[in-house]
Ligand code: BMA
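Just one chain follows, in the form predicted alone, and it is written as structure tokens.
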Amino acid sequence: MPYRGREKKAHELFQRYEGNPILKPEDWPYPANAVFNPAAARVDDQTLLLARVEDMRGFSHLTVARSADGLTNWQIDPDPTLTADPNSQEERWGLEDPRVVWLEEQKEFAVTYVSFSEGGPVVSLAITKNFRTFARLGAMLPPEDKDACLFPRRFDGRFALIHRPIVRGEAHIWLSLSPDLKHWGDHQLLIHTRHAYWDSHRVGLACQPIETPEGWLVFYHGVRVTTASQIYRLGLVLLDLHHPWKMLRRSAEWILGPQAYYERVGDVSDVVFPTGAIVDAAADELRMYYGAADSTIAVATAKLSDVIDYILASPELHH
């Protein structure tokens, strides 16, 4: 589809919800230090968030919150939904930063999350149909690795995983392929940091990949180190629909960065960290759920058509 000529400026794409932050530790039915970095899915005509909850030890687990409109009247599970397996050495220090996709072929949700222990962060996988019971498939790749999500379907018979290993001290986004969700290969660098840019220090996946006729929309966080702190902002790339290891376009600018008080001040200042999105194609709406300053959960909305127009007007990449 040709570019439609309605490009918005990068910083105008998303509008923060006036009721932000939508979920805070004091909303929780049990003691919590912080609630942030939620995965998002549509389940039974509701928006379901699988939130990272940090307890007073500094360890994290995952808890479900549900809302009819995805903005208000959240119903939070009375107890943690998914906690560390006491028999798993990899999960000794908790579970962090989930992403969720619906696997159409398997008719179930895939939850990728980070298991944390002395060995470092490792990407793990759990499968669920209802977000009440989970089948853990265990670690997917060696540490140190995080910011991972599956694509919702196979490509030439293979599953694809976006993830962010640390290689030689460098933090780029990679893509790997698997025939069975267990054995991973054909590892390739997908999105690299850019020297001197806003995403010069680290990059990592934001929410789950979003399929559009133009290609896969992949939002990612980029980190820049300043003399005062590290700033986490949001960027966007477009991947080939049938060959997602091919990046077609990449935004030069960030499209969402810490501005509001709840994004600037918290356990980790100057952080917007999206990990879940809901698309309402009929309403042309994209809702982006994100952790704000590693303390609360907020949401920003955009017109999906504006986001597509913006990335189609971004620099084309030549392979």
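The first residue of the sequence shown is number 1, and the count goes up from there. All values reported here derive from a predicted model rather than from experimental measurement.
If you look for the form predicted together with the ligand, you will not find it shown, but the lines that follow are about it.
Shown without its partner, this chain lists 201, 233, 146, 249 as candidates; in the model of the complex, only 146 has a non-hydrogen atom within 4.5 angstroms of the ligand. Residues 268, 273 and 294 are all found to lie within 4.5 Å of the ligand in the model of the complex, as judged by heavy atom distances.
The stretch that touches the ligand in the model of the complex, counting heavy atoms within 4.5 Å, is 29-37, out of 65-73, 280-288, 251-259, 29-37. Although the partner is absent here, residue 97 is a contact residue: one of its heavy atoms lies within 4.5 angstroms of the ligand in the model of the complex.
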